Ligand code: NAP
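Read the single chain below, which is given as structure tokens and is the form predicted on its own.
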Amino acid sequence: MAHVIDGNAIAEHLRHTIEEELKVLRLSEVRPGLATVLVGEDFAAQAYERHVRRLCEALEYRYVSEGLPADVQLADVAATIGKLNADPRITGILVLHPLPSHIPEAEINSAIDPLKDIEAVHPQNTGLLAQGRPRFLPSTPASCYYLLDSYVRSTGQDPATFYSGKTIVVVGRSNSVGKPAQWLGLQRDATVVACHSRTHAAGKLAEFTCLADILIVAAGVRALVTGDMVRDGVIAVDVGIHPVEDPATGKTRMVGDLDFESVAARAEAITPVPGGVGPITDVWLVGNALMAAAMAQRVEPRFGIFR
């Protein structure tokens, strides 16, 4: 069986790094503040908001949560974002997904102040990221690589050279995870293969996932990748999160985009769901809010992991 990468332990280490930096930056009057905007009542989005809220409270960030009904009009969502843009106490804004189908994601992304856009979804920040000179690294894809770097170091190898020439297969092409994960892989000198729903529909997904030295699956489809679709020794990172009700107990548990047991039987290392990428993502997000606060005060942080 594969080594199961402990995302909780990695996230805790990252949180301590932020705490130490926060102590120093507060001497320069840096005060981070994070705001979330939740449209509707999606289960996973609500769970994520609760995690972020608890983390911000533990770090003594200013935290604001804006909840809007699912049938809200675009103008009202834009007005809410505009209010947060204008609030100097808020240094980072996160619009939670999914958005209702009548709310165009592109317009919402463009409405966020680029200097508070800590998930790098504004066209300006997306362009900087694609060019390899990011203002912010979006939390989920950045957490995938932070987790991978941690695992690589634990095996005695150097992340600075590990990825060179490796084949990274990314399943999913969302603006928030899939595409940035591809760009970050290219910046590490890996050979990157991009797959998505049409690859799967064409019956070719396994043809490409079997090539992966490192597999990042962010397709939003439960158990999409199974053990017969990966090669022996793959390092598999699961970004998916799906609530499933246990018929025996009636309790809800979370599963991912990987069929965990069958992939783990062939992998060198694998991330669990929950307890893999997710906890790191939460911490990375508040780290980006701290970076944005430092930028607002024209203060240079000591650490560079968030850039």
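Note that the structure is predicted; figures quoted are calculated from it, not measured. Each residue number is its position in the shown sequence, starting from 1.
Not pictured, yet referred to below: the form predicted in complex with this ligand.
Heavy atoms of no residue among 150, 230 and 267 are located within 4.5 Å of this ligand in the model of the complex. Contact with this ligand in the model of the complex, judged as any non-hydrogen atom within 4.5 angstroms, is confined among 259 to 267, 61 to 69, 24 to 32, 240 to 248 to 240 to 248. Interface residue among 109, 176, 125, 80 relative to this ligand in the model of the complex, by the heavy atom within 4.5 Å criterion: 176.
Interface residue among 205, 96, 90, 115 relative to this ligand in the model of the complex, by the heavy atom within 4.5 Å criterion: 205. Residue contact with this ligand in the model of the complex: residue 160 places no heavy atom within 4.5 Å of it.
The shortest heavy atom separation between residue 138 and this ligand in the model of the complex exceeds 4.5 Å.
Using a 4.5 Å cutoff between non-hydrogen atoms, residue 220 counts as a contact of this ligand in the model of the complex.
The closest non-hydrogen atom of residue 191 lies beyond 4.5 Å of this ligand in the model of the complex. Contacts of stretch 176 to 206 with this ligand in the model of the complex, defined by any heavy atom lying within 4.5 Å, are made by 176, 177, 196, 197, 198, 200, 205, listed in sequence order.
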